[in-house]
Each structure stands twice: as C-alpha cells, then as structure tokens.
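So this first bit is one chain, no partners, the form predicted on its own, shown in structure tokens.
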C-alpha cells in the first residue's frame, strides 16, 4: 500500500484556505481500494493538479488521494476521436500528444493544467459553452471506485444516476479511475480571433448575443472598476479554428507547430499593497487602450485558450494570503445582476484585473453541474479581513436574480446559500448517502456547505 506523506498544508490554486491534510500518492489504480479499505483517515477526497481555486479538493484533518501518478493513456480510436485514459492524465499532456495529430480538447477552461478526473468532478466549461456545453457533454463513460470498494462503469445508459451525480459532483460519489471522451478534430494549432472594444456593458452583451451562431469561442475581458457611462466596458475576443489556408505562408507547411513560448516564473509573493484600486485601475486603463483591435488576428491555441499558463506561479501576484475567484452565473433574463455586481465592485474599489464575461448555453443533467443558460462573470479578489462579508453581500444579489456560484472556485459560500443556488442538492445528497453511508468521501468544501457532516 502506498505510504502517505506526513501531514502537510494543502490549498487550491487561490491559496485560500490552507488546511492540514495527509496526502496519499498511489501509482496503480488498484491501490485506491487499499487506501479506502484501510480507513486510516476519517475521510478522503481525490485531488488532481490542484487547480480548483478554493477548498474543493482539500480535506482538513483527513486524507487527500493524489491521482497525478495515475496518468496512463489506455487507448485511442483515430476514426472517432475517442480517447481512453486514466483520471490523472492532464489536458496539457493530451494537447502535447494529440494536437500534432489534429485533435484538441473539446471543452477547456482557461488552464490546461488540470486532470481528466478534475474536469469531470467540476464539469469544467470554456469559451465555447454557448455552442458545445461543458465537459460532461463530450464525456462518454468513466470507471468509478465507490467508497465500498466496488468498481462500476458509468455512462448515460449504465448507472446513469451516478453518472450525473458525478459530473460536477465535486468528488463525493467515488474516485474516478478512467474515462472515455471524444476529442475535437481541428485543422491547425491556431485560431483566428476578432477583437471588439465596447464602451459599456450593453455593448458587450449585444455583441455576445450576435456571436452565438458565428463563433465557436467567445469571451470578454471586463474593466470591473469602470463606472458611470463606462460601466462594464470590455474587450470581446471571438475566435474560430483556422485551417492551413488561412495561416501565414511560413506556417502552412506545419500548421500544428505553434513554436516555443517564453514562460517566466513569478519568483515571489507580491506585497499586499501592490494590488490596490489605483494599480488595478491603471492596469485596466492600459489593457483597454492597448488591446488589439480588428478582425482575423491569427494566434496559437496556447495564447488564446491558456494565456496565464505561460506565467508559472502567477497566483503569487495576490500575495501570501491568496485570493478568491468569484464566478457567478445568472439566467439570461436576469442580466441586471451583472450590472449590480459591477456597480458594487466599482464602488468598493475591490481589486480585480482578471474579470471575464461569457455566455452559457443550456446546462446538462448534472445534479451539481454549475452552468445554466445565461451569462457568467468571473472576478478575482485578494484575500483580506473584509472580503468574506463583501462576497456574501454579492451572494444576496446573485440569489435575488436566481443565479449561482461555481463550486470549483468557491471559498466562502454558506450552507443556506448553497441550498438556495443548487435546487437538486437534496436529490444529490440522498443518492450520495446510499452509496457512501459512512461519509468516507468528504472535503473541506462539502462540510462547509453542509453536504457531508
């Protein structure tokens, strides 16, 4: 049986909160059953590359099962694009192996440094949700180790109830061992991007509405400190995969070669005072002014989909206390919530230079899957003593407009807020109790929001 490392502090990508956990690092799938069967810890949660922002994949006082060594490719069907792999395989590895063969991840968030297991457990979404949905839409089946030790296959046809409880189910139904999903066939490693600067929120919302049928990918950077007539001014970036014929002549002979990219490392934590309303406002003014304009800008997939992955440890810019990424989604008819949130942020002066607005299409059947049809706004806030009360005030706005927060990024939601935002929570909790009556699977987040005792 794999030996656990000694108790150590573990955090998500936001570096808040930090909890003491005991981490296990199995190298074979069969070792998962040994760990769960021994019950050396009061409870366990699976963990991939640690890119969930809050406490989804940490477990204060319990065990964390790292799946990073369960990273084997098990099979690929060239005709259908179906990949079979272990849960610890990363999006980065898949892109490295399969993009040169003409395949790309069907749905990806803003980082490729996530595992397949994490993508399923958090039902990740990207710039193409309005067209292609979340990761669950491309998922065919997965192999799940239940807390009892039994291993089952889950799909839309087989163990469908557990399938939809696991997709977006934050790791509480079992340990995902392997998965099958369909890669997307693409003509090159490049995207053609149309940039549009809008003067206010109405402008960007109208442009996004017009993008749905034309662009595979769409996202907008929002100046969250702009106010008055400029409230919600944005830079909209809409893109489609481009074939060799649309590339510069020098790239046409090798359309999947994106070339090298300089990847600096942020070597230290920024001091707390570095991110303040003045510095963020200055950054936002410069970013808006210098953002490229025009149509048909050719950029590689790394720069378009994963701009921050090129900066190692970029989370250090928020200082030692870390940050919270606050992602809210509201129905299309409740877009007034976005206005009210941006007004509250601008008035408070809370610093967030990574503010992103996207359009969601229809959600799926996942009991705790986040996306619903509407608009989603993501904001970053450095942690300080006043942050949690401020976010809970924003929560009231979200609830008033029938919205919800993304569990993969949350760090402060209360049980009452969770229950109001996720109406199928009782159905989820009842199913979970049937397959895990002893609450062997648990996390800091699940206890905080009242899903596990």
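Numbering follows the first chain given and starts at 1. Nothing here was measured: the structure is a model prediction, and the numbers come from that model.
Below: the form predicted together with a small molecule, not depicted.
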Interface segment, criterion being heavy atoms within 4.5 Å of the small molecule in the predicted bound form, picked from 152-160, 208-216, 181-189, 119-127
119-127
The listed residue (165, 175, 105, 225) that reaches within 4.5 Å of the small molecule in the predicted bound form by any heavy atom is 175
Only one of 368, 220, 114, 338 has a non-hydrogen atom within 4.5 angstroms of the small molecule in the predicted bound form; which is it?
114
Does residue 109 reach the small molecule in the predicted bound form, with heavy atoms at most 4.5 Å apart?
yes
Can you tell me if residue 314 lies within 4.5 angstroms of the small molecule in the predicted bound form, counting non-hydrogen atoms only?
yes
So in the predicted bound form, does any heavy atom of residue 49 sit within 4.5 Å of the small molecule?
yes
Is residue 139 one of the residues lying within 4.5 Å of the small molecule in the predicted bound form, judged by heavy atom distances?
no
